Structure formats: C-alpha cells, structure tokens
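Before any questions on binding or motion, here is one chain by itself as structure tokens, the form predicted on its own.
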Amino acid sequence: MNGVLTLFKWVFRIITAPVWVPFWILWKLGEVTGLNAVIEAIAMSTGFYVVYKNLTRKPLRLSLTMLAIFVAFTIYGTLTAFQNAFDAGVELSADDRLVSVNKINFTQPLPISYVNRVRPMEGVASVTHLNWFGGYYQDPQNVIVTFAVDEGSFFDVYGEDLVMSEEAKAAWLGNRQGLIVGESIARLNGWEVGQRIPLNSNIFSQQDGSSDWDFDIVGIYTGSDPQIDTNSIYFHYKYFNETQSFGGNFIGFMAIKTEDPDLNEAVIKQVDDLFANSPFETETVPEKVFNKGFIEQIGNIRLILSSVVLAAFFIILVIVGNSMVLAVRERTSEIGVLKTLGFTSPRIFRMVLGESFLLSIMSGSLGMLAAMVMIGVVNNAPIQLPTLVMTSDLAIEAFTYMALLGFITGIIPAVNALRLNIITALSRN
C-alpha cells in the first residue's frame, strides 16, 4: 500500500512539475542569495506573516472560499469580454461615417442611382453602397455575413478599419469573382487565398435558377483594432447585379464618409431632404446610432450579462463576508492575547483587513487568469462569434472590484477586532 502511495506521489509531482518547478527554482535562488531571509524579516515586521498564517489555518474553508471568488471572477472576466465585444460595434464606429437606409425599414432597398446623387454633396468625402446577400456556406445553418459592395469605393469608406495589403486589393479589383474574407471567418472555415469556393444565398437566386455563386478568395483582411469583427466577407456588386434574377439596380444601404464629424448634421439634412417625398425616402443616421439600434434588436445583451455578473458577485459577497466574520470570531481569544502582548488595535485592524484583501486579490487574480484561458478557447472555437479581448481597462476594473470586495467583506470583522478589549476577548473563551 505504501508503495502505491509513493508511486502516486511521484506521478503527481511529475504531472504538476510545470507548475511548481518554477516556484521551487525561485525559492532555491532566494535561499542562495539570502533574499528569502530579507523577505521573511519584512513579512514578520509588517505582520504579513501572521496574516498569511491566519488565512491558511483552515485549508478546507480557505479552498472553498477561494473557489467561490475564483468562479465569480472567471464569470465576470469572460462575460465582460463578451459584452465589450458586442459594444465594440458601437464604440469603434467612425464618427465621420453615416448610414443611409430606406425610411420604411433598413430591409427595404434603395435605387443605386442615389449613390451618384449623394457623392457630389458638400461635406461628403466618399460614399459607397452595400447589399445584404444572405449568404451561407455548404449548410444553411452556416450563415456567413456577406455583402455585395461597390469594390471601387468600398475601401475609401472602410479602409481605416479593414486592413489588407495593396496587392490583395489590386487582385480583388481585377477579379470580378474575387472575394475578400475576414481573418476570423477564414480561420473558422479553413479558407485560404487562391481557394475557389461556392456560396449560397437564402434570399437571391441566379437567372438560371441556381442559388449558388462561385468566388475566388483573393485576400484576407484583419481589423485595425483587435476588437473589430472580422467575420464578414465582401464581393463585387457588379457580379451580383448581373447574375441575380430580381432586384437589379437596387442596393441595401449607403455608407457615407463626411469630411469632418462636425458636418454630419448638415450632410444628413442634405441627403434626407433630397429624397423626401420620393418613392424611396431615406433615413440617414451616424453609424454609431445605426449599429446601436441594430444590436438592440437582438435584445438588451448588456442587461442580461450584467444581471448574471451581479448575481455572481452578490453570492460571493455573502459567502466571503460570512467566512471572514466566522474566522475572526473563532480567533477572539487570540486577538486578546495579541493585544496583551503589545499589538495595538490599529495594527490588528490592518491585519484583519489585510487578510480579507489578500484572499480577494489572490482568488480574483486566479479567476481572471482562468477567464483569459476561456477567452482563448472561445476565440479558437469552431463557432462564429466576435473576437473577445481581455483589455487593460477590464483588468483594472477587475482589480478594483477585488479591492472593493476585500474591503466590504473585511471591514466589519476588522472594526469588531479593533473595538474588542482584552478582558472581553479573553472572557469569551
């Protein structure tokens, strides 16, 4: 039996070696250089050693409390990254870009002739048009965000967001069946430049009755910001317009880039006034407003995600707060002894509060590391989702919540320890 246990211990040590070996090397280096003795002296003089020993005196309770905080911050980090990814569509919208759609509904078309009437307007830097294709690849369930666009003006409007080499742009302009695809959707489907693929539409059909179009992938674009969604693909409107069986010479919407964001209101008025009382009136809004309205149609994602995070934090607040009160109450007589030995009340107050901070920071940091792993897994998963990013703002926000959690859960037991007198402390036992 002892042999089996010994074998199990060695197997466990070998499996977990990547985790503990770096710390063991650091410890040995500290021993050789004398750094460990310095750290020990500092820990003893500042009371950190006592805090550490108090925190680890009940390993099971410590593990369960840390697990609760760990899970809560893993949920917080992952879901907030999701929320930021959805919000990025609004926050990264260009201030000088407008979207002009049919006033009835954005699903209704506009005549393509509108583009040339908007282009010479005062304050308009460039204008392009896009048409929703309703594309899918191989399976109707594998929906691809596909647009037929004006290849000549597309990058004039979106060139600051979508990054692609000049060679790829030239190849796209020179190939009528050329297709440019986003980095994320290319990775998801295993597409490469030079590959010829079929795409189907669940809306349009070709003049021969077929619903599939063939394309040559000529370029893969990336986003100028890591949070820019690269799950979309674009192809020539001319190819689409000449082959579709209905809806010719109509477009989905116009994207207008103004010379200055301050001119937005003037351009909006010009465009909408020009087409007022026509069969196809327009409604022009800043891109930020359009994207926000589009996302809100899916549902109040921010409210849903925030509710889940708040519920998780409320639960850990109760669990950790109760654990801290219980832990300090169990040490009432010890606190009395410490005060008898000369520990001042403010020092004991700091020790109890420091214990709460240490617990929150350690567990929360591990939770955020787990969230980073989760984000990496989601980004590489075979599903179509916006790119998740652990931003520095998110990390700072998380550490703020850790500090807040440590303060809220530790302040009451710390104040009780501060106010406790020696006679009461020793008599309670």
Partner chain sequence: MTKILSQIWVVIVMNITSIGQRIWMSLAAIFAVAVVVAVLLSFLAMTEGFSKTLEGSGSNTVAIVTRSGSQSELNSVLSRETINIVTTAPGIAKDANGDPIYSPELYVIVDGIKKTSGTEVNLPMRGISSVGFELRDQVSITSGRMFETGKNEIIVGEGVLREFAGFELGTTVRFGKTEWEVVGTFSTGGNAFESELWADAPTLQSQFQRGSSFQTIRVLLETPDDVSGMAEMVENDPRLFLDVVTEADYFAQQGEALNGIVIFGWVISIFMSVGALAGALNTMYTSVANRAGEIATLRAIGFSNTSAFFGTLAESIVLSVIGGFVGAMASYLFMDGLSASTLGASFTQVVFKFELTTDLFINGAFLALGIGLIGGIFPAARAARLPVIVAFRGAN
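Basically, rigid core = biggest C-alpha set you can superpose within 1.5 Å across the two forms. Positions refer to the first chain, counted from 1. Note that this is a predicted model, so its numbers are computed, not measured.
There is also a form predicted in complex with the partner chain; it is not shown, and the following applies to it.
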* To do: May I ask you to check whether Ile422 falls inside a 4.5 Å heavy atom distance of the partner chain in the predicted bound form?
  => no
* Does Met368 make contact with the partner chain in the predicted bound form, using a 4.5 Å heavy atom cut-off? -> no
* Even though the partner chain is not shown here, does Tyr114 get within 4.5 Å of it in the predicted bound form, heavy atoms only? -> no
* Is Leu305 close to the partner chain in the predicted bound form, meaning a heavy atom pair under 4.5 Å apart or at it? -> yes
* Of the residues Asn202, Asn249, Ser224, Ser333, which one places a heavy atom within 4.5 Å of the partner chain in the predicted bound form? -> Asn202
* Within 4.5 Å of the partner chain in the predicted bound form: all of Arg61, Phe280 and Val318, by heavy atom? -> yes
* Structure fact -> Here the chain appears without its partner; judged in the predicted bound form, the stretch of 352 to 360, 259 to 267, 170 to 178, 204 to 212 with heavy atoms within 4.5 Å of the partner chain is 204 to 212
* Structure fact -> Contacts from 51 to 72 to the partner chain in the predicted bound form (any heavy atom within 4.5 Å), listed N to C, are Leu60, Arg61, Leu64, Thr65, Leu67, Ala68, Val71
* To do: Once the core is aligned, please say if the CA of Lys9 is shifted by at least 2 angstroms between the shown form and the other one.
  => yes
